[in-house]
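Heads up, the chain below is alone and in the form predicted on its own; it's given as structure tokens.
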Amino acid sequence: MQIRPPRPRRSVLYVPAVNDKALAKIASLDCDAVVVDLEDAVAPAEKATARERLKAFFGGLEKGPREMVIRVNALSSEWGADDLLAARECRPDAILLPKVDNARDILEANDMLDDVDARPSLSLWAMVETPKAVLNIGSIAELGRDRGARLACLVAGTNDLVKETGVRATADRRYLTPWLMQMVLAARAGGLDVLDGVSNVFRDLEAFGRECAEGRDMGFDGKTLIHPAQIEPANRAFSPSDAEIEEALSIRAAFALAENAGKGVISLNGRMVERLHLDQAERLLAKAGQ
């Protein structure tokens, strides 16, 4: 189930709000989304300064093709409430909430935004980076069915999960995979997008490409990134192939034929194709810009 129009989120780059040089480069990058970060990338002594730089940056920002997201500090922290109000003022596409433990954390942020008349199109993204979040992932993702809750995307916080649980961060992510698959399953049940966690080894792009391919095969919509060099491999891995696009177009065309109007199942190129395959095809084509 998908209750929002699909959009590409293959590559989502974190950029510190205090890094003016990195912020200036955003317009030239080919990533699908940017998360301007007020949380992990900003030291406690710089939080207020980062908030002002954020406002200045968005004040001069020209609307481009990429999604612009702001990650605030946890609402339970001393900076969270001020961050959320500043983010609302900047009019991003979405606000990313860290340290989400349960559905109540999403609803609290939504209530705060409603209280300050935030526009309905402002979405919330949620970091899944605590043991409680993994245990509560079903009820968190269920908010995706409620348009009033604003929740549009889940983001795996793999570094924090490793830190909080003590599992070993192996190259094949074998100990994280069960939790990652729970995130994908819950996201699909709630009609949400879901993004794979970051890879800290940004110089080995071959290994990074393998991790992107793994995330794609697990069902993630894209990957969060920490360095611009990771954008192209992520875009390549999470983009549908020419063959996949051609097949999706053929499914769309077949169901559009007058003789197939109202049919739930048709025959196409020697195989049975159902309406659910048409839904999958439309989603793929939308994300491919078709």
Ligand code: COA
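The structure presented is a predicted model; accordingly, all values stated were derived computationally and were not measured. In this text, residue numbers run from 1 along the sequence as written.
What follows is about the form predicted together with coenzyme A, which we do not show.
- Heavy atoms within 4.5 Å of coenzyme A in the predicted bound form are found in exactly one of 247-255, 222-230, 45-53, 59-67, that being 222-230.
- Taking the partner from elsewhere, Phe202 is found to have a heavy atom lying within 4.5 Å of coenzyme A in the predicted bound form.
- Within this chain, Arg71 lines the site of coenzyme A in the predicted bound form, having a heavy atom no more than 4.5 Å away.
- A residue is said to contact a partner when one of its heavy atoms sits within 4.5 Å of a partner heavy atom; Val198 meets this definition for coenzyme A in the predicted bound form.
- Shown alone here, Ala22 lies within 4.5 Å of coenzyme A in the predicted bound form, counting heavy atoms only.
- Shown without its partner, the chain has Leu13, Tyr14, Val15, Pro16, Lys21, Ala22, Lys25 in segment 9-28 as residues with a non-hydrogen atom within 4.5 angstroms of coenzyme A in the predicted bound form.
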